[in-house]
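Listed next as structure tokens is one chain, alone, in the form predicted alone.
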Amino acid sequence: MLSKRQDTINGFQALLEKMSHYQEALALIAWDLRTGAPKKGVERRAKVIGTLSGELFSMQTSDEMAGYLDALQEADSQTPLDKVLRRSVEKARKEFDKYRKIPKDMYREYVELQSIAESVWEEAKPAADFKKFEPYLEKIVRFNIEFAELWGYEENRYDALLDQYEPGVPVSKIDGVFAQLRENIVRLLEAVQASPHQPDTSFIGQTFPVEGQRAIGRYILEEMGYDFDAGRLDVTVHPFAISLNPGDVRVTTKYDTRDFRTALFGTIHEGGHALYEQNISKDLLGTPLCTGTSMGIHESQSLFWENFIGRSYAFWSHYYDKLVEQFPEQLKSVDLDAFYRGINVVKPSLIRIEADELTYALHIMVRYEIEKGLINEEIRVSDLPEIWNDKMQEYLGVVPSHDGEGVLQDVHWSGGSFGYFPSYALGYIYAAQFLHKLGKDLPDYERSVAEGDLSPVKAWLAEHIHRHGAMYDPRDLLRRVTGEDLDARHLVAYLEQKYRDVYRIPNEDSEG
């Protein structure tokens, strides 16, 4: 006969497993909506999403869940639970406390609004019609303000939303590291733009057929260790990776025949996300821990592969021949050095997902400042096009010619993801800290990459980061892996070294 303690554990785990089934169904619907679902079915599909999300919400905040959490926290105080169960209780309690504060009808209305708003955004973006999207965004912002007030915060209302994506990393911490990063990026950008040794990028503007891009993208995903028996590669308007479970992690990309970099590096980027999810320990399946630690840590993995590996000289010293085989006419007169410098050109751009490594974080800072302003009711939704354009001019020196390449370019706000954008730049900072530690642990990793063996890098990331899922909060994981707290200095050093090399800028003389 089972003990009362074990009976409670079994009941709790069964409830978590049931919740994971609903989450998987919702993920599959989300993937379908963004990879070609018929437009006429969107409104009905939004109601299906609302129903399933409402049921999941009910389970997360049910009296049954409350009973399990209370009983298990009491049991843990008497005889410690195993670490996976204890962390599952901790995560479930946090979600319970957060969502219990939101009325069920309010949550369901919000979920349905998200689905419709994303469909409206998909129509508004190519038409550069912000007015069409504006009323939906106003409602989404108002919901998020109300959620933040219901959840509570200590210093800044925006902290309540940040905590969904990057727990333990508040505005006060982000402001500090972003200021550190921005100061150094702006200084280096000035030196890069002043250099007489500008890379030749003329080869990039040629026509690169989609079939060839698809073939090289799939090949590189396989080389990275992405398991196609546990995933697939599809096309979408805004690339993403989505995990149904570690055995079904899907990647999407977007092809541009006039710029092969969009799909090539986008595919590597999403592949980095997917490798994370595919390599989470199977012991965490069916628990709230079977996902990434945070959005920032997740982004660290995609940026690690896209930039530190995929844009490195070591990587292309092996894989460039494969690319030339796929596009012999386009690349026949481009040597490896010219190619490497060309794909690492610095050119402040309008589009975040096409930004170069050096200026990428500035795109995030634009969005971060806007989100803080919206949630703290310091700026209005109706003023966003003008504010966006002014900040792009201030941060990057470029101004959109229309809202489709400006304030409408990202899907995130249509889905209510306020607090998400900072994760992209935080992920870049985390990634540089992981790279620094990888270099200490595996000093020959670049030679392996140059020989076409990416497995040591994949194995190191899987061992130190991926397998743990959400066992640790981001700064806890960072300290566990690197021994350091969040700090932009390694990213600053990486960018300084790389772009002085690409642009042949002499190192600054040290003083004092």
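When you see a residue number, it is the position in the sequence shown, counting from 1. These numbers were taken from a predicted model, which means no experiment stands behind them.
Form predicted together with a further copy of the same chain: not shown, discussed below.
Enquirer: Within 4.5 Å, heavy atoms only, which of R142, R232, R86, R380 is in contact with a further copy of the same chain in the predicted bound form?
Expert: Looking at the other structure, the residue within range turns out to be R232.
Enquirer: Of these, R93, R250, H412, K391, which has a heavy atom no more than 4.5 Å from a further copy of the same chain in the predicted bound form?
Expert: When a further copy of the same chain is considered in the predicted bound form, the option within 4.5 Å is R250.
Enquirer: Counting only non-hydrogen atoms, choose the one of 47-55, 447-455, 61-69, 480-488 that falls within 4.5 Å of a further copy of the same chain in the predicted bound form.
Expert: Flagged stretch: 47-55.
Enquirer: For the spot marked by A37, G41 and G286, is every residue within 4.5 Å of a further copy of the same chain in the predicted bound form through some heavy atom?
Expert: Each of the three qualifies.
Enquirer: With the partner left out of view, is A459 within 4.5 angstroms of a further copy of the same chain in the predicted bound form by any non-hydrogen atom?
Expert: No, A459 sits far enough from a further copy of the same chain in the predicted bound form that none of its heavy atoms falls within 4.5 Å.
Enquirer: Please determine whether Y472 contacts a further copy of the same chain in the predicted bound form, using a 4.5 Å cut-off between heavy atoms.
Expert: Residue-level check for Y472: no, no contact with a further copy of the same chain.
Enquirer: Could you tell me if L244 has a non-hydrogen atom within 4.5 Å of a further copy of the same chain in the predicted bound form?
Expert: The answer is yes: L244 has a heavy atom within 4.5 Å of a further copy of the same chain.
Enquirer: Hey, in the predicted bound form, does D32 get a heavy atom within 4.5 angstroms of a further copy of the same chain?
Expert: Heavy-atom contact with a further copy of the same chain at 4.5 Å: present for D32.
Enquirer: Going by heavy atoms, what in 13-32 lies within 4.5 angstroms of a further copy of the same chain in the predicted bound form?
Expert: Stretch hits, in order: E17, K18, S20, H21, Y22, E24, A25, L28, I29, W31, D32.
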